[in-house]
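For reference, the chain that follows is the form predicted on its own, supplied as structure tokens.
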Amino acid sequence: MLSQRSKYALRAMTMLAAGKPGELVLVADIAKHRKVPRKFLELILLDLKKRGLLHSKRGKNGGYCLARPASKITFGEIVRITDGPLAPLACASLTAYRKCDDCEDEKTCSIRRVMRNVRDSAAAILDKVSLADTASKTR
């Protein structure tokens, strides 16, 4: 399930993608227009900046903007940054694999097989949809 953190990140990023490239937007404006708690949003945007998705400038004419073209940032990348792996179980994850403690044989485990399909299906959608794909619908 998508966390509130990811939902807020996606709301903010789609707003930035809908603007002009390089245009700085204040955190307060994003929070107001996307109905996101400002303090929580500040933490989320800082994480996205640290991971290379955003640039920021401090001061009177400061704010945030996308660090890459909107067509080069996918929903999948944002969700992985804010929520972690897409797989519902660690044994089904590509990026954070961990064997289940109670699994007898993961090669024949039907639960793992289904959860890998869930992960693959989610990734196929989220990694295909870029911010640019949604920008025209959020203006």
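Since we're looking at a predicted model, the values are computed, not measured. Residue positions are given as counts along the sequence shown, with the first one as 1.
Another form, the form predicted together with the DNA, is not on view; read the next lines as being about it.
- For the candidate spot formed by P85, L94 and K128, no residue has a non-hydrogen atom within 4.5 angstroms of the DNA in the model of the complex.
- Residues placing heavy atoms within 4.5 Å of the DNA in the model of the complex fall in a single listed stretch, namely 38-46, out of 38-46, 71-79, 109-117, 85-93.
- Residue contact with the DNA in the model of the complex: V27 places a heavy atom within 4.5 Å of it.
- Under a 4.5 angstroms non-hydrogen atom cutoff, the DNA in the model of the complex has K50 among its neighbouring residues.
- At a distance threshold of 4.5 angstroms between non-hydrogen atoms, K57 is in contact with the DNA in the model of the complex.
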